[in-house]
Ligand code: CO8
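Read the single chain below, which is given as C-alpha coordinates and is the form predicted alone.
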(Lines give C-alpha, C1' and ligand atoms only; values in the text may rest on other atoms or scores of the structure.)
Protein backbone atom coordinates (compact mmCIF):
# COMPACT_ATOMS: atom_id res chain seq x y z
CA UNK A 1 0.00 0.00 0.00
CA UNK A 2 2.93 2.36 0.70
CA UNK A 3 6.10 2.02 -1.32
CA UNK A 4 9.14 3.41 0.49
CA UNK A 5 12.28 4.33 -1.45
CA UNK A 6 15.35 6.37 -0.65
CA UNK A 7 17.00 9.04 -2.76
CA UNK A 8 19.95 10.04 -0.62
CA UNK A 9 18.51 11.86 2.40
CA UNK A 10 15.04 11.99 0.82
CA UNK A 11 12.45 9.36 1.77
CA UNK A 12 10.08 8.92 -1.17
CA UNK A 13 6.72 7.60 0.02
CA UNK A 14 4.35 6.45 -2.73
CA UNK A 15 0.65 5.85 -2.17
CA UNK A 16 0.46 2.57 -4.05
CA UNK A 17 -3.15 1.61 -4.68
CA UNK A 18 -3.47 2.69 -8.30
CA UNK A 19 -6.46 0.49 -9.21
CA UNK A 20 -8.52 2.57 -6.74
CA UNK A 21 -6.86 5.90 -7.66
CA UNK A 22 -5.05 5.60 -4.33
CA UNK A 23 -8.28 5.93 -2.35
CA UNK A 24 -7.43 6.28 1.32
CA UNK A 25 -8.47 3.00 2.89
CA UNK A 26 -7.76 2.35 6.56
CA UNK A 27 -5.02 -0.07 5.53
CA UNK A 28 -3.35 2.55 3.33
CA UNK A 29 -3.55 5.38 5.89
CA UNK A 30 -2.24 3.10 8.64
CA UNK A 31 0.69 2.10 6.45
CA UNK A 32 1.36 5.77 5.66
CA UNK A 33 1.34 6.64 9.36
CA UNK A 34 3.90 3.93 10.08
CA UNK A 35 6.10 5.05 7.17
CA UNK A 36 5.98 8.64 8.44
CA UNK A 37 6.90 7.47 11.95
CA UNK A 38 9.91 5.64 10.53
CA UNK A 39 11.01 8.67 8.49
CA UNK A 40 10.66 10.95 11.51
CA UNK A 41 13.04 8.95 13.69
CA UNK A 42 15.54 8.04 10.95
CA UNK A 43 18.41 10.53 11.28
CA UNK A 44 19.49 9.78 7.71
CA UNK A 45 16.15 11.09 6.39
CA UNK A 46 16.00 14.86 6.16
CA UNK A 47 13.06 15.35 3.80
CA UNK A 48 9.97 13.36 2.85
CA UNK A 49 8.54 13.36 -0.67
CA UNK A 50 4.94 12.15 -0.96
CA UNK A 51 3.47 11.02 -4.28
CA UNK A 52 0.83 8.71 -5.73
CA UNK A 53 1.19 5.75 -8.08
CA UNK A 54 -0.59 5.26 -11.38
CA UNK A 55 -1.19 8.86 -12.42
CA UNK A 56 -3.20 10.08 -9.42
CA UNK A 57 -2.21 11.46 -6.04
CA UNK A 58 -5.25 10.30 -4.03
CA UNK A 59 -8.88 10.47 -5.12
CA UNK A 60 -10.25 10.66 -1.57
CA UNK A 61 -11.37 8.30 1.16
CA UNK A 62 -12.55 4.79 0.37
CA UNK A 63 -16.34 5.14 0.27
CA UNK A 64 -16.87 1.38 0.13
CA UNK A 65 -15.29 1.19 3.58
CA UNK A 66 -17.07 4.28 4.88
CA UNK A 67 -20.63 3.53 3.75
CA UNK A 68 -21.52 0.93 6.43
CA UNK A 69 -19.90 2.81 9.34
CA UNK A 70 -22.06 4.28 12.10
CA UNK A 71 -21.51 7.40 14.18
CA UNK A 72 -20.66 5.23 17.19
CA UNK A 73 -18.03 3.33 15.21
CA UNK A 74 -16.31 6.40 13.77
CA UNK A 75 -16.24 8.08 17.17
CA UNK A 76 -14.71 4.98 18.76
CA UNK A 77 -12.09 4.82 15.98
CA UNK A 78 -11.64 8.61 15.87
CA UNK A 79 -11.97 7.99 12.13
CA UNK A 80 -10.89 10.82 9.83
CA UNK A 81 -10.83 9.22 6.38
CA UNK A 82 -7.25 10.43 6.01
CA UNK A 83 -3.86 10.42 7.77
CA UNK A 84 -3.62 13.28 10.32
CA UNK A 85 -0.10 12.10 11.24
CA UNK A 86 1.22 13.90 8.16
CA UNK A 87 0.23 17.25 9.66
CA UNK A 88 2.47 16.60 12.67
CA UNK A 89 5.68 15.88 10.75
CA UNK A 90 8.63 17.90 12.02
CA UNK A 91 10.67 17.28 8.88
CA UNK A 92 9.83 19.08 5.61
CA UNK A 93 7.35 17.29 3.34
CA UNK A 94 7.22 17.90 -0.41
CA UNK A 95 4.17 16.73 -2.35
CA UNK A 96 4.36 15.69 -6.01
CA UNK A 97 0.78 15.84 -7.25
CA UNK A 98 -0.70 14.61 -10.53
CA UNK A 99 -4.21 13.55 -11.43
CA UNK A 100 -6.78 13.68 -8.65
CA UNK A 101 -6.10 15.10 -5.19
CA UNK A 102 -9.65 15.13 -3.85
CA UNK A 103 -11.22 14.95 -0.40
CA UNK A 104 -8.74 13.23 1.88
CA UNK A 105 -6.19 13.48 -0.93
CA UNK A 106 -6.56 17.25 -0.89
CA UNK A 107 -6.23 17.19 2.90
CA UNK A 108 -2.89 15.42 2.50
CA UNK A 109 -1.81 18.20 0.14
CA UNK A 110 -2.88 20.81 2.70
CA UNK A 111 -0.67 19.14 5.33
CA UNK A 112 2.46 19.26 3.13
CA UNK A 113 4.98 22.10 3.14
CA UNK A 114 5.81 22.50 -0.57
CA UNK A 115 3.42 21.31 -3.27
CA UNK A 116 4.67 20.67 -6.79
CA UNK A 117 1.75 19.99 -9.13
CA UNK A 118 1.64 18.61 -12.64
CA UNK A 119 -0.42 20.66 -15.05
CA UNK A 120 -2.78 17.67 -15.17
CA UNK A 121 -3.62 17.82 -11.45
CA UNK A 122 -7.09 18.45 -10.01
CA UNK A 123 -7.89 19.52 -6.46
CA UNK A 124 -11.11 19.74 -4.49
CA UNK A 125 -13.31 18.74 -1.60
CA UNK A 126 -16.30 16.81 -2.99
CA UNK A 127 -17.38 15.49 0.43
CA UNK A 128 -20.53 17.64 0.41
CA UNK A 129 -21.74 15.83 -2.72
CA UNK A 130 -21.77 12.49 -0.89
CA UNK A 131 -23.40 13.80 2.27
CA UNK A 132 -20.40 14.34 4.50
CA UNK A 133 -17.58 16.85 5.12
CA UNK A 134 -13.82 16.93 5.64
CA UNK A 135 -12.60 15.08 8.71
CA UNK A 136 -8.82 15.64 8.73
CA UNK A 137 -8.42 19.39 8.45
CA UNK A 138 -9.96 20.40 5.13
CA UNK A 139 -12.26 22.95 6.73
CA UNK A 140 -9.38 24.36 8.78
CA UNK A 141 -6.21 24.24 6.66
CA UNK A 142 -7.84 25.06 3.32
CA UNK A 143 -9.10 28.51 4.44
CA UNK A 144 -5.67 29.24 5.91
CA UNK A 145 -4.11 28.43 2.52
CA UNK A 146 -6.57 30.05 0.10
CA UNK A 147 -8.76 32.39 2.18
CA UNK A 148 -12.35 32.11 3.37
CA UNK A 149 -14.24 32.82 0.16
CA UNK A 150 -12.25 30.48 -2.08
CA UNK A 151 -12.46 27.78 0.60
CA UNK A 152 -16.22 28.23 0.93
CA UNK A 153 -16.57 28.02 -2.85
CA UNK A 154 -14.78 24.66 -2.88
CA UNK A 155 -16.20 23.17 0.32
CA UNK A 156 -19.84 24.15 -0.23
CA UNK A 157 -20.08 23.28 -3.92
CA UNK A 158 -17.69 20.33 -4.08
CA UNK A 159 -16.28 21.58 -7.36
CA UNK A 160 -12.78 20.77 -8.57
CA UNK A 161 -10.11 23.25 -9.56
CA UNK A 162 -7.25 22.66 -11.94
CA UNK A 163 -3.58 23.13 -11.13
CA UNK A 164 -3.43 26.67 -12.52
CA UNK A 165 -6.27 27.85 -10.29
CA UNK A 166 -4.76 26.01 -7.32
CA UNK A 167 -1.48 27.83 -7.84
CA UNK A 168 -3.20 31.21 -8.20
CA UNK A 169 -5.08 30.81 -4.93
CA UNK A 170 -2.06 29.58 -2.97
CA UNK A 171 -2.76 25.86 -2.50
CA UNK A 172 0.08 24.89 -4.86
CA UNK A 173 3.69 26.11 -4.79
CA UNK A 174 4.59 25.45 -8.44
CA UNK A 175 2.99 23.95 -11.56
CA UNK A 176 5.14 22.05 -14.05
CA UNK A 177 4.46 19.92 -17.14
CA UNK A 178 3.41 16.41 -16.14
CA UNK A 179 6.51 14.89 -17.67
CA UNK A 180 8.74 16.98 -15.39
CA UNK A 181 6.84 16.46 -12.14
CA UNK A 182 9.15 14.01 -10.39
CA UNK A 183 12.31 15.72 -11.62
CA UNK A 184 11.08 19.03 -10.21
CA UNK A 185 9.79 17.58 -6.94
CA UNK A 186 12.92 15.53 -6.33
CA UNK A 187 15.04 18.56 -7.17
CA UNK A 188 13.25 20.58 -4.49
CA UNK A 189 13.52 17.76 -1.95
CA UNK A 190 17.22 17.22 -2.68
CA UNK A 191 17.88 20.95 -2.30
CA UNK A 192 16.19 20.94 1.12
CA UNK A 193 18.18 17.86 2.12
CA UNK A 194 21.42 19.79 1.51
CA UNK A 195 20.48 22.43 4.07
CA UNK A 196 20.74 22.38 7.85
CA UNK A 197 18.06 20.02 9.23
CA UNK A 198 18.04 21.97 12.50
CA UNK A 199 17.36 25.28 10.75
CA UNK A 200 14.82 23.69 8.40
CA UNK A 201 12.93 22.47 11.48
CA UNK A 202 13.08 25.94 13.04
CA UNK A 203 11.74 27.57 9.90
CA UNK A 204 8.93 25.01 9.59
CA UNK A 205 8.00 25.50 13.25
CA UNK A 206 8.04 29.27 12.86
CA UNK A 207 5.84 29.30 9.76
CA UNK A 208 3.46 26.79 11.34
CA UNK A 209 3.16 29.04 14.40
CA UNK A 210 1.60 31.72 12.19
CA UNK A 211 -1.32 29.38 11.49
CA UNK A 212 -1.60 27.59 14.84
CA UNK A 213 -3.91 29.88 16.83
CA UNK A 214 -7.23 28.08 16.95
CA UNK A 215 -6.12 25.24 14.65
CA UNK A 216 -6.08 22.55 17.32
CA UNK A 217 -9.56 23.50 18.52
CA UNK A 218 -10.78 23.83 14.95
CA UNK A 219 -9.52 20.38 14.01
CA UNK A 220 -11.25 18.84 17.04
CA UNK A 221 -14.52 20.61 16.22
CA UNK A 222 -14.32 19.56 12.57
CA UNK A 223 -13.74 15.91 13.57
CA UNK A 224 -16.82 15.98 15.83
CA UNK A 225 -18.93 17.43 13.02
CA UNK A 226 -17.57 14.86 10.57
CA UNK A 227 -18.52 12.06 12.94
CA UNK A 228 -22.03 13.49 13.29
CA UNK A 229 -22.58 13.10 9.54
CA UNK A 230 -22.44 9.32 10.01
CA UNK A 231 -25.74 9.46 11.90
CA UNK A 232 -27.58 11.02 8.95
CA UNK A 233 -29.66 9.55 6.15
CA UNK A 234 -28.02 11.96 3.70
CA UNK A 235 -24.51 10.61 4.36
CA UNK A 236 -25.62 7.03 3.69
CA UNK A 237 -27.63 8.11 0.63
CA UNK A 238 -24.83 10.25 -0.79
CA UNK A 239 -22.19 7.55 -0.56
CA UNK A 240 -24.52 4.84 -1.83
CA UNK A 241 -25.53 7.01 -4.78
CA UNK A 242 -21.89 7.67 -5.67
CA UNK A 243 -21.01 3.98 -5.57
CA UNK A 244 -24.14 3.09 -7.56
CA UNK A 245 -23.42 5.88 -10.08
CA UNK A 246 -26.81 7.59 -9.69
CA UNK A 247 -27.97 11.02 -8.49
CA UNK A 248 -28.33 11.32 -4.73
CA UNK A 249 -31.71 12.10 -3.18
CA UNK A 250 -30.91 14.21 -0.16
CA UNK A 251 -33.63 14.73 2.46
CA UNK A 252 -31.94 17.13 4.86
CA UNK A 253 -31.71 14.60 7.66
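The structure displayed is predicted, hence computed values, not measured ones. Residue numbers count along the first chain shown, from 1.
Omitted from view is the form predicted together with octanoyl-coenzyme A (CO8), to which the following refers.
- Among 85, 150, 160, 144, the residue placing a heavy atom within 4.5 Å of octanoyl-coenzyme A (CO8) in the predicted complex is 160.
- Among 9, 12, 20, 241, the residue placing a heavy atom within 4.5 Å of octanoyl-coenzyme A (CO8) in the predicted complex is 20.
- The candidate stretches are 88-96, 125-133, 67-75, 174-182, and the one lying within 4.5 Å of octanoyl-coenzyme A (CO8) in the predicted complex by heavy atoms is 125-133.
- octanoyl-coenzyme A (CO8) is not shown here, but in the predicted complex it comes within 4.5 Å of a heavy atom of residue 62.
- Taking the partner from elsewhere, residue 80 is found to have a heavy atom lying within 4.5 Å of octanoyl-coenzyme A (CO8) in the predicted complex.
- Residue contact with octanoyl-coenzyme A (CO8) in the predicted complex: residue 112 places no heavy atom within 4.5 Å of it.
- In the predicted complex, octanoyl-coenzyme A (CO8) lies within 4.5 Å of some heavy atom of residue 102.
- Annotation for 170-201: no interface residues with octanoyl-coenzyme A (CO8) in the predicted complex [heavy atom within 4.5 Å].
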